Ligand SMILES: C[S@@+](CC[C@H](N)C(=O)[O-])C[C@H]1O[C@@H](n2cnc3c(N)ncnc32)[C@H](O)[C@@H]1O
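There is one chain below, alone, in structure tokens, taken in the form predicted alone.
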Amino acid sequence: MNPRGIAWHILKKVFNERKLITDNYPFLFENVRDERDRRLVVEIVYGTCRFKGRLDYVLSRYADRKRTEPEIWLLLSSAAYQILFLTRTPDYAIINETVTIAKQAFQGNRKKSGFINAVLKKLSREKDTLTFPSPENFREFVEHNLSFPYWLGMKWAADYGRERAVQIMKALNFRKPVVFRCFNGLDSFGSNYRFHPTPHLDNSFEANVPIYLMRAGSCYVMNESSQLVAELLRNFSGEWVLDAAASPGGKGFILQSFDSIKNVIFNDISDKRLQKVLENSKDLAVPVPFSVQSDFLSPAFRKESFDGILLDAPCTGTGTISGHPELKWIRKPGEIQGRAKLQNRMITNAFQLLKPGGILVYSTCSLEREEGEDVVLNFVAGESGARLLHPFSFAAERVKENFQSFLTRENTLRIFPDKYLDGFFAAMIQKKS
């Protein structure tokens, strides 16, 4: 199967089975050997997911979506993305290969392949004259210009105001640079690569370096927002600190690098997830002395046994859409409340495991207030032994300066996405002595 056919196959898995793009990487690596072809597949899949709403709008000028088979529409969408965005490839080559894929997939059905050919040729001829909806019609603008589900755009408009919501959606359509945390210096890379420190945190860099070299150099791909959650405990002193939902391990690895934290326990729900932590630990030469498999809805620890806990709770992940654009189409409105119920139980359990005077950092990579502010503020309001601390109480001075603008009136952190940062929420809770 050629790269464009592989991309179509993965897109069907994403939209028909709600599978994450990264879940399809094993299939990609098994079926595509050439590195350039792999990059093409990744480009098509991520780009089609990122701009699906805009592509639907364009294709609707030339075809009736309701009368078109979903898998044909998806094939048209992947080809439309290439015609509109991959300017180095001639349109005729994209069209010819897409038609060939259709002939093979539909057993030579001329009607289907002819339809695909006609639609794409019309798009190719008229692509320079295309226009897209303006903000005056907000629904059309959200769905077909910014390329987001209307329910999600309207939710952010209700939570943060329309102007901020538009900024969020535009930022989540950016391709962020690959940012990584370096644990053992950059000397192992030699002089062939140029590294640029990222704007907000120490030991964080971006560079055009192959992933396998990053791992050999003890570097871990991790957005600065995600790194920040662990950085909030840089100057915290504790004998025992728990990373409650540890996989894939990055935040726990950062905690272990702090001299003032003696022991870090990595906990996660399944053996598979813990194995991922241990694999990353081995690749990075960062030891994991303590790992525990337990469901944090029923954690396998004694009450009041930890000085500090980091709970990066499972969430809808809407703050990471720039790196996982399929999430905006996979997520449904009802999932937010379902995740919030889970998070409420987890924060209660985490608090019970804290020693008096202990510190809990709660975070999510979600932009939804239901998973962030509501969870924390409702918990503190209902728990007499809990109090919110200033989130920079144990952070380095540079962190305070660079993230001060994200501090809320309630003393929590609400990070909005931009060129570098993912959307995140974080808060610090202390159990009263």
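None of these values were measured; they are calculated from a predicted model. So that there is no doubt, residue numbering starts at 1 and follows the sequence shown.
Although it is not shown, the form predicted in complex with the ligand is what the next lines describe.
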| query | finding |
| --- | --- |
| Segment assignment from 308-316, 126-134, 330-338, 156-164: heavy atom within 4.5 Å of the ligand in the predicted bound form | 308-316 |
| Partner contact for Ala285 in the predicted bound form: the ligand, 4.5 angstroms, heavy atom | no |
| In the predicted bound form, Pro177 touching the ligand (heavy atom, 4.5 Å) | no |
| Close approach of Glu224 to the ligand in the predicted bound form, 4.5 Å, heavy atom | no |
| Touches the ligand in the predicted bound form: Ala246 (any heavy atom, 4.5 Å) | yes |
| Site test, Gly5, Asp56 and Trp73 vs the ligand in the predicted bound form, non-hydrogen atom cutoff 4.5 Å | no |
| Heavy atom within 4.5 Å of the ligand in the predicted bound form - residue from Arg273, Arg234, Lys355, His324 | Arg273 |
| Partner-contacting position among Leu360, Met346, Val142, Leu120 - heavy atom within 4.5 Å of the ligand in the predicted bound form | Met346 |
| Stretch 285-304: residues contacting the ligand in the predicted bound form, 4.5 Å heavy atom cut-off | Ser294, Asp295, Phe296, Leu297 |
